[in-house]
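Take a look at this single chain, the form predicted on its own, given in structure tokens.
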């Protein structure tokens, strides 16, 4: 069987699974899974750019995803006028002072004509003084902002722009954070890089949870704007009512299906564009150079390639794609909830997608995103049905049966482990392995 036919069969099998969900469960559920599969595929492409192209182990996927979600809040939420009046200018001034202090510390380290120890102490002193001044400026402003109707607002809000601009802003914000993180941690050995990125992503989540003035913290931001119509608007239109009567479907269900199809159309366009750009980059001289650096850094360095600079470049590109996916996910949910960003969902699961799909292959990354997310969602109902069947001969009040049924959700962890083990055993390079070009 040729590679093209094999890949086509794999994607056809994935499509058949989604169709089966629509037939045996509901069309709404199938489309909801499809949308999240598309976002997961984009996120997986971002990780594949870092790992598959350059061999960078980024354990901080969660943090970049959260920054994409933050961008959706900053771009789409209207500004809170009372909060800006209470302390907005002072808060922004405090942040600028903090950035200026860090910049001066870096400049001191690079330009001061002293020995290494003296430069280090001087840079640290400047940064510490800058942070103290920043907190002196920003703390009263934060208290004033968070006191403005905390049940409804208590934060500065955003720019009030269409939320689709947040997808680009999410990529830019994640790229900016990746530049700062890369300047600090790139050049470390792979295990130290993983520890550094994981720690920094936890810091990002900690800030988002506790700085209420920025995005309400754990109080969450609800009711984000949409790039697609609302269900209630569709239900009042004549063409939707007419279509519902012609195909004999509930009007509410039809409006929900139309909304999910609109989201799916937008997500497919973004996925196709990122995939096309990723493939162009992979097949270019730049892509060949990145694979050479990945396979043998010493040899690439000996040929005059700046390995650290190229690692920073690819780290920024991959993080930007992850940030775009994070903004899309928040757009789909309509809510920004910092407490939901957990390493299991937004780091470990994404890495499983890359491994199962096939690292180094963009098409494999897309397939991995679909397969793993599908089984992550469907493992629980399938596990519940299996447990119900296996325990059907037991008494209704059997403690074992009750315990198994109550813990059916944990079958998804067993399923993820089983899928990963099976793929590593029978296709160790992934379902669609990297091509030797």
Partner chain sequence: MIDILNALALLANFVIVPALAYGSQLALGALGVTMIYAVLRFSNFAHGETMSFGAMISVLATWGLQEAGITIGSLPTALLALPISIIATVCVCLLFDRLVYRYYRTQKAAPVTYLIISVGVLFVLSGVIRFIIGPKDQIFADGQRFILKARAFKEMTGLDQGLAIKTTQGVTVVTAVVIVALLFWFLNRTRTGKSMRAYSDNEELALLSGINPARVVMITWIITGALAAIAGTLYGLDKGYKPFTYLGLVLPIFSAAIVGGVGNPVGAIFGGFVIAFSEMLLTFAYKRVIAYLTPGDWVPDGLMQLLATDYKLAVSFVILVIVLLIKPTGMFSGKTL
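Numbering follows the first chain given and starts at 1. Here the structure is a predicted model, which means the values were calculated and not measured. If you superpose the two forms and keep the largest set of C-alpha atoms that fall within 1.5 Å, you have the rigid core.
The same protein also exists as the form predicted in complex with its partner chain; that form is not shown, yet it is the one meant from here on.
S.K.: According to a 4.5 angstroms non-hydrogen atom cut-off, is residue 17 in contact with its partner chain in the model of the complex?
M.R.: No.
S.K.: Closest heavy atom of residue 23 to its partner chain in the model of the complex, within 4.5 Å or not?
M.R.: Outside the cut-off, so no.
S.K.: Is there a non-hydrogen atom of residue 351 within 4.5 angstroms of a non-hydrogen atom of its partner chain in the model of the complex?
M.R.: The answer is yes: residue 351 has a heavy atom within 4.5 Å of its partner chain.
S.K.: Is residue 99 a contact residue for its partner chain in the model of the complex, using a 4.5 Å heavy atom cut-off?
M.R.: Residue 99: no, not in contact with its partner chain in the model of the complex.
S.K.: Pick from 59, 34, 54, 371: which has a non-hydrogen atom within 4.5 Å of its partner chain in the model of the complex?
M.R.: Here the answer is residue option 59.
S.K.: Of the options 388, 407, 28, 398, which one has a non-hydrogen atom that comes within 4.5 Å of its partner chain in the model of the complex?
M.R.: In short, 407.
S.K.: So, a 4.5 angstroms cut-off on heavy atom distances: do all three of 141, 143 and 149 pass it with respect to its partner chain in the model of the complex?
M.R.: Zero of three within 4.5 Å in the model of the complex.
S.K.: When its partner chain is placed as it is in the model of the complex, which of 241 to 249, 256 to 264, 178 to 186, 292 to 300 ends up with heavy atoms within 4.5 Å of it?
M.R.: Every other range fails; the passing one is 178 to 186.
S.K.: Going by its partner chain in the model of the complex, which residues of 194 to 230 come within 4.5 Å of it through any heavy atom?
M.R.: If the 4.5 Å heavy-atom criterion is applied to its partner chain in the model of the complex, 194 to 230 yields 194, 195, 196, 198, 199, 200, 202, 203, 206, 207, 210, 211.
S.K.: Just checking, between this form and the one not shown and with the core aligned, does residue 426 shift 2 Å or more at the CA?
M.R.: After core superposition, the displacement of the residue 426 C-alpha between this form and the one not shown reaches the 2 Å mark, so yes.
S.K.: If we fit on the core, is the Cα of residue 16 displaced 2 Å or more between this form and the one not shown?
M.R.: No; residue 16 is a residue whose C-alpha shifts by less than 2 Å between this form and the one not shown when the cores are overlaid.
S.K.: Comparing between this form and the one not shown on the rigid core: C-alpha of residue 55 shifted by 2 Å or more?
M.R.: Shift at residue 55: below 2 Å after core fit.
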